[in-house]
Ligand code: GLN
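Before any questions on how it binds or moves, here is one chain, the form predicted on its own, in structure tokens.
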């Protein structure tokens, strides 16, 4: 629980009287919070869908809910990500639990999932490894889309693994979760595919001062050039890939050339780079010769 969560701020004067949903959304503008975020937060507080919220704008907001809503608006105005405030994030059609112990799943990472599904769909029972699983988003999405697959997910954080296990249980997807610092706990094991969305932000990247400052830095930052984790994964994966198996990694939009060079230096072949919906080079893959 954050310091902001522990505080119990008094309601501003204009919130003292009972207000309707419509009026609450009008007052929310004073917190300089995006209108869509304000609506989503009110839906969260009142446990209503979007349709239910807009169907009855005259619905009164109870005092306790109003106080909770104001508290959440203040957290959002301070820059805390919406996903951490609500404890939820959608990824590849999955409603996932998230907490400050895990990186918030992002839409661009869905490309990594789509590439793997397309490549592995013809295999009856592929063995798949998700390295650095975090919330479990990639592993669970793959397990649901490829029911014949055997999916293993690793992370060095026990707190992150707890979140991932909760998500897998909620969606009824069987995933083997292991605590491991990259491949340390996988001696002798090999896979038909390894996927990783590792830390790839450079230590001095100015974006670290923005909203992502709330996310676990260990899941974001990877050395001076942002490539430390990618170097480890690309160098270590061959010991855990079957012949002809693929390694796919997500990386920064400007890191594709460096990642391709790492693949070549490690003896991989068939190196490819795919672009995300914004047209940015986002996922690179290579085959173990």
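Numbering follows the first chain given and starts at 1. The model shown is predicted, which means the values in this text are computed figures rather than measured ones.
This protein has a second form, the form predicted together with glutamine, left out of what is shown; the following refers to that one.
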Legend entry - Per-stretch contact check against glutamine in the predicted complex, the hit in 152-160, 85-93, 165-173, 193-201 (non-hydrogen atom, 4.5 angstroms): 193-201
Legend entry - Contact test, all of 14, 68 and 72, partner glutamine in the predicted complex, heavy atom 4.5 Å: no
Inset, instruction - Note which of 103, 131, 116, 128 lies within 4.5 Å of glutamine in the predicted complex, where distance is taken over heavy atoms; exactly one does. - result: 103
Inset, instruction - Sort through 112, 98, 142, 219 and report the residue having a heavy atom within 4.5 Å of glutamine in the predicted complex. - result: 219
Inset, instruction - State yes or no: in the predicted complex, is some non-hydrogen atom of residue 207 no more than 4.5 angstroms from a non-hydrogen atom of glutamine? - result: yes
Legend entry - Non-hydrogen atom contact residue 108 with glutamine in the predicted complex at 4.5 angstroms: yes
Legend entry - Non-hydrogen atom contact residue 212 with glutamine in the predicted complex at 4.5 angstroms: yes
Inset, instruction - Taking only heavy atoms into account, state which residues of 244-267 are within 4.5 Å of glutamine in the predicted complex, ordered by sequence. - result: 250
